[in-house]
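Just the one chain here, the form predicted on its own, laid out as structure tokens.
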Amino acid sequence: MTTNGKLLNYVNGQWTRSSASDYANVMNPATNQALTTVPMSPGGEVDAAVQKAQEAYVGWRHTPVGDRIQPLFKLKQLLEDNLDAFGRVITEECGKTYAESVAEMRRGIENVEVACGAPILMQGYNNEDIARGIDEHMFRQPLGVVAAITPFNFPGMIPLWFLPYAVATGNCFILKPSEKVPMSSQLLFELIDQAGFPAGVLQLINGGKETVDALLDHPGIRAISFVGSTPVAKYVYSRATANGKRAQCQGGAKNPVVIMPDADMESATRIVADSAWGCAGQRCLALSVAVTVGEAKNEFTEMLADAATSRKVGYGLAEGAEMGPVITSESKARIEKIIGQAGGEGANVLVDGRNKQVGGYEDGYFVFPTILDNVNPNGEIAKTEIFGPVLSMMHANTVEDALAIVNNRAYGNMACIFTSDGNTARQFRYGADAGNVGINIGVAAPMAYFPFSGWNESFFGDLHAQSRHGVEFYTQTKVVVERWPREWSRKF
């Protein structure tokens, strides 16, 4: 998968060296050491991959769906057999703990399993005798060549939000992973190479913005899937749709949780801490705002502060590590700058994770768990996606006040509540302006047989990733109305 320390692309069933003149270092965020280099593939290489995909599509589209899923069954077992390898690769290039990396791959494998149900999921429907002697049918057919542009924070799982559904429904698929974490995709495609897919059905192109733009502009690509920040999601969505493509673009988030006085405080504290600081806060479903209601304020705040200061931060492969570094030195500097701005908006830095080091990894990009208390709900920090291990705390008198804070934001990825009262939970579930809602849950990540929802500035498009939404996104409907007059039938 590498030549002279340079990662390769995977095109038409072969590992190929890019003609790129520009390469970027892939850094281990815990050590600040380069792991390998990744090519910034030029647009011409995207065109070559699309041409091979179009050639492969002719045969793949005509392959029975029951045969198309057979390599996915093999891929599922290969992923299972290589969980340890994925855990180590993801930890090395992404920084999360080994346990978090393995858990990520488990959720990815779920999507492969669900996509193996494509023979049922992509079924159409029909009616006999819509008029006398006339029948009508609806079929789902593949689009052609599709592509996905995936982020750094879940390098193993998120490609599997898209890839299995695309190929199971008869499309050919091109992956452009984040240039920050391309090694996980290299391992994925090593297994794809073993799974038995025909050449050209699945391809990997590394690169940066030029590569992305080439995918968005290429007339041979019918659909684009994307996960990343909201500004880039808007860019990808607008450029892809302007070029006549389908697009599903997951953006940023600022996920709130409401803590009611009747909540189980011990359980709520543990779950909120895991959500806010797991994966160093670098996940689109991380809780980043905690709103206490009434008497919950003092007890929950004190318990959460204890959880923050006792969390073990370290190298993800080290025994006992509960949280790793953020992805880059630039991310570390940006997060620490935002923490420093909290006082200017009237907030109190209750637990400060800045300027701390991990023994033996002094050059790593570590930001420790941080709590900002009394954050102004209308301030910039309340609106900004920090994407780091920083939890902002706000306080309300009633659940209605808390729900108003929850809905006072541009994003709509997730909202959670902790309570022991069913009526309060229903009120929250009904009124929260979010696509994923958790009741006594800190990460409301849908199972693979449900769509990964998201509203407002957190998602651009109509059909989300995973499950039936994935199948519908990667297929187009064809309606056939047919009549066989009796006098014609007699001729045959």
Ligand code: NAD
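From 1 onward, residues are counted along the sequence shown. No experiment lies behind these values; they were computed from the predicted model shown.
There is also a form predicted together with nicotinamide-adenine-dinucleotide; it is not shown, and the following applies to it.
- Remark: all three candidate residues (W161, V212 and G252) come within 4.5 Å of nicotinamide-adenine-dinucleotide in the model of the complex, counting heavy atoms only.
- N153 is the sole member of T370, T419, S288, N153 with a non-hydrogen atom lying within 4.5 angstroms of nicotinamide-adenine-dinucleotide in the model of the complex.
- This chain lacks the partner; the member of T301, Q141, T384, S229 within 4.5 angstroms of nicotinamide-adenine-dinucleotide in the model of the complex by a non-hydrogen atom is S229.
- In plain terms, the part of the chain that comes close to nicotinamide-adenine-dinucleotide in the model of the complex, with a heavy atom within 4.5 Å, is 201-209 out of 72-80, 122-130, 96-104, 201-209.
- In the model of the complex, at least one heavy atom of C284 sits within 4.5 Å of a heavy atom of nicotinamide-adenine-dinucleotide.
- Using a 4.5 angstroms threshold between heavy atoms, Y235 counts as touching nicotinamide-adenine-dinucleotide in the model of the complex.
- Within this chain, R246 is remote from the site of nicotinamide-adenine-dinucleotide in the model of the complex, having no heavy atom within 4.5 Å.
- Not displayed here, nicotinamide-adenine-dinucleotide is approached by P177 to within 4.5 Å at the level of heavy atoms in the model of the complex.
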